[in-house]
Ligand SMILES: NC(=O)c1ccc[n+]([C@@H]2O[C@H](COP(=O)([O-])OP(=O)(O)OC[C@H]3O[C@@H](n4cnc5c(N)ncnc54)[C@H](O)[C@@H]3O)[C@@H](O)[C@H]2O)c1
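In the block that follows, a single chain appears as structure tokens, in the form predicted alone.
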Amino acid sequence: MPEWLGLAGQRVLVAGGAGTLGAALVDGFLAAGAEVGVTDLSDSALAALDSRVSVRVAADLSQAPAARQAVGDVRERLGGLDVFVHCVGINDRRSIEQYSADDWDRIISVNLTSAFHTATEAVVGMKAQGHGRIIFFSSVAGRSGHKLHGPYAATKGAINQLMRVIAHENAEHGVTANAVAPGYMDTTLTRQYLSDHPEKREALVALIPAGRFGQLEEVVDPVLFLSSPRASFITGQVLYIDGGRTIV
């Protein structure tokens, strides 16, 4: 990993770091020399992470008290927090009328409520120390009106706006906030969907000018850059990592 990124010794928390994409991020930060903490839903998922992960906290981040406590616990055990990445999200592809009130509440709480409370807690320490990086995982669905993505798209659009407000409120304190918005990626969510609907693969790939799904490292590397001291003058931005999906 290039030393010019300046991530060696940085104290990093990846929320959702036990998932497919989250674990790839954890590996990337570790390779860059960062000290990494992870919070995710279960101890069993956290146990599967690289042994170099120094702090692991199991918590249901969809619950406000648990979300704030988890970030506070990791920050205390790391001795501070320089980078916070929110990589938590679920989707359930249906038409709007097929979602129940409970379906809506669940997606909102997992995707958006967790983002608000974890990032809010992360900002507290970053403002006090005069620097920090916050990265949210958005989606191309936060920009485009994809069918069968109602609650999910709503959360990602809201995360984009939450990110912009955090960026505006905290720029003077040396804290940046940005989002990355992947398109169709080779992740567990995508694999699960295509295992149930294999006939959809060709149609999805046809929507991507690059003609393929994205690979994990193609998301990890931009996140590492935005998390680094090199990105100190970039804030309030959504970076689309989508093989051209949003230009057509």
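Residue indices: 1-based, along the sequence shown. What you see is a predicted model; the values in this text were computed from it and never measured.
The form predicted together with the ligand is left out here; the points below concern that form.
S.K.: Using a 4.5 Å heavy atom cut-off, which of 161-169, 71-79, 131-139, 97-105 contacts the ligand in the predicted complex?
M.R.: Only one stretch passes the 4.5 Å heavy-atom test: 131-139.
S.K.: Exactly one of A119, V83, V175, V88 has a non-hydrogen atom within 4.5 Å of the ligand in the predicted complex; which residue is it?
M.R.: Selected residue: V88.
S.K.: Within 4.5 Å, heavy atoms only: does V220 come near the ligand in the predicted complex?
M.R.: Answer no; every heavy atom of V220 is more than 4.5 Å from the ligand in the predicted complex.
S.K.: Using 4.5 Å between non-hydrogen atoms, is S232 touching the ligand in the predicted complex?
M.R.: No, S232 sits far enough from the ligand in the predicted complex that none of its heavy atoms falls within 4.5 Å.
S.K.: Is it the case that A153, even though its partner is missing from this view, gets within 4.5 Å of the ligand in the predicted complex, heavy atoms only?
M.R.: A153: no contact with the ligand in the predicted complex.
S.K.: Does the 4.5 Å heavy atom contact test between D60 and the ligand in the predicted complex come out positive?
M.R.: Because a heavy atom of D60 falls inside 4.5 Å of the ligand in the predicted complex, the answer is yes.
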